[in-house]
Structures are given as structure tokens and as C-alpha cells.
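For reference, the chain that follows is the form predicted on its own, supplied as C-alpha cells.
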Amino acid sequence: MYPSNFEYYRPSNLNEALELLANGECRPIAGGQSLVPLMKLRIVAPKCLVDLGRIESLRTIAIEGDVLKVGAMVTHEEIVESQIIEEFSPVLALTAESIGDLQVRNRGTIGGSLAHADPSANYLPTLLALEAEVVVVSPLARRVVPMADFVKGPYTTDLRQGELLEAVMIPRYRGRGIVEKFAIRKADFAIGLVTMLYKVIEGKLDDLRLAVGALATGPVRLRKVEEKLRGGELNPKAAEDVLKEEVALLQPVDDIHGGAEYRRRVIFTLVKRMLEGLARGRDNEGQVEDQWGGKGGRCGA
């Protein structure tokens, strides 16, 4: 199916783009990996599109003090290949690496992914764990929104009419990170998605952050598990009951790719396996039988 007729603009700077978007009749288009299929299915029919591809200020990757700034139009593949990101926030590169296939990574952008807010999008739990912030601009103001407040639910964000996502600000995390994605095929959207950040000092967990994606509520931190294990010896068994209780309260997406209960089992298995791998002194490998009687799998990171 072809999209409905629309006007097309390709501004060369941010101010021009914001003026075009101010009336609410136009939609911004970045890599088009989400918006174009929706237009072809006629789920959305914008009167006009504002192509952000020529705005160089949205394509920058820079370090500002102890914060990494990633422009909204930086593609997934540019994140994978960036030496700056590899040194500053390798878990972000690891997250981008398991997005779709090469064609998708070459076109799709971090800003487009966040603005679309697909609940199974790879970036959501990683940016939540990193305590990132999103910079949003309009013709009248610029505001900074914590990642925890930006995604309101499936395909719903804090973006208001006439606003544009300008950049993502990521504070430096001086620890390590693991990303686990469970999907039928590597390029598919995740059925279960978990990002773990941690610091180990003299055999004890100095810090632990666990963020879960593919949820109907937006990404969520497993704070009770974090609190249970933080500051102690690496003993996943000590947090197993808390993990089970906390996962049971999650509200995963429930669709043709997996029911909510199945996805809870996947999340439980992924987290348990990540913690056991950490306790063994290695990030993760192999499959671990879960407490629900099934088997977990992995692809991507």
C-alpha cells in the first residue's frame, strides 16, 4: 500500500525545522524505519514530513565534561562504530549492535527510536540504567527530561506538540555493562530485554543496576533486587526470591510474539543467568535452566 499524499520539507538547520513543526500538521522523519511503514499501512497520514537528514547539529557525538552527548540523528551503526562511544559508554554500543540488521542500523537513528517508543526497542532499558536524559527543543524553549520520565508507555512519550528530540545526554558510568536480548531471530524486536550495569570491588558489588524492557509500562528498574545485592558478596541465590516477586509485578507486552507470563519467565531467566554469570566471574555464557521450568536463550549482546 502507498502512503497518502503529503508535502515534503528538508530544512538545513534546527530553527527552520522547528518552525515547520510548530503548527502540529507536520511530523519529523529521521531514518524512517518506523514512520514510513506506518504511513504505508495508513495508520498515520501526516499532512507533511520534515526530513531532519540535513541538520548537521543533530548528527554530533561529543563529550561535554563527564557527559556523552549523542545527537538525535546519529544512526545505530554510527553508535556501534564510534570510538568515542566505545571508550565512554561501551554498553550503548553493545545495545545498538543487536538492533535489527545492518540495513536498519544504517538508516535508523537513536532519536527516531526514542521518539517512536516501541516498548521492545533496545535503547530503553540501557538508557534508563545509565540514568540518561533527553534534550527536547521547541521554538520557545529547550528542556531536559530524565529517561525515567520520557517514555510514558507503548508509543507514548513526553514529547509535546511542536517539540523535537535534539540529543541524548549520558553520564559516564565507571563500571561494566551487559545487555541480554531474547528474540526468535537476532533482528527481531525483543521478547525479553535486560541491561545490567555493575561495579565489583574486592569481590563485592559496589553498584548494581538492572533495567528491563519490552514492557507495557515503559522500561523499569528492578530496584529491590539491586538493593538486595548491592554492597554484598556476589550471591545470586540471596536475591532469587526478591527477583521472582519483582518480576511477577512487571507488565510485559502481551502480543502475538509472546504472552505476558511467558515474557516474565524470559525476563526472570535472563536476569538470573546474568547474575550467575557475574558470580562466576564472567559476563555470561550458555543457557541456564530457569525456576519456571523453561530454558532461556540469547542473541545480540
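This one's a predicted model, so the numbers in the text were calculated from it and none came from an experiment. One-based numbering along the sequence shown.
FYI, the form predicted together with a small molecule isn't displayed, but the following is about it.
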From the candidate stretches 221-229, 195-203, 162-170, 208-216, select the single one in contact with the small molecule in the model of the complex, where contact means a heavy atom within 4.5 Å. 162-170
May I ask you to state whether Asp149 is within 4.5 Å of the small molecule in the model of the complex, using heavy atom distances? no
Can you tell me if Ala115 lies within 4.5 angstroms of the small molecule in the model of the complex, counting non-hydrogen atoms only? yes
Could you tell me if Arg27 has a non-hydrogen atom within 4.5 Å of the small molecule in the model of the complex? yes
Is Val242 one of the residues lying within 4.5 Å of the small molecule in the model of the complex, judged by heavy atom distances? no
For the three residues Thr126, Ile191 and Pro252, verify that every one has a non-hydrogen atom within 4.5 Å of the small molecule in the model of the complex; reply yes or no. no
What is the one choice in Leu52, Val266, Met274, Val247 with a heavy atom within 4.5 Å of the small molecule in the model of the complex? Leu52
Just to be sure I understand the contacts: of Val91, Ala121, Ile79, Leu130, which is the one whose heavy atoms reach within 4.5 angstroms of the small molecule in the model of the complex? Ala121
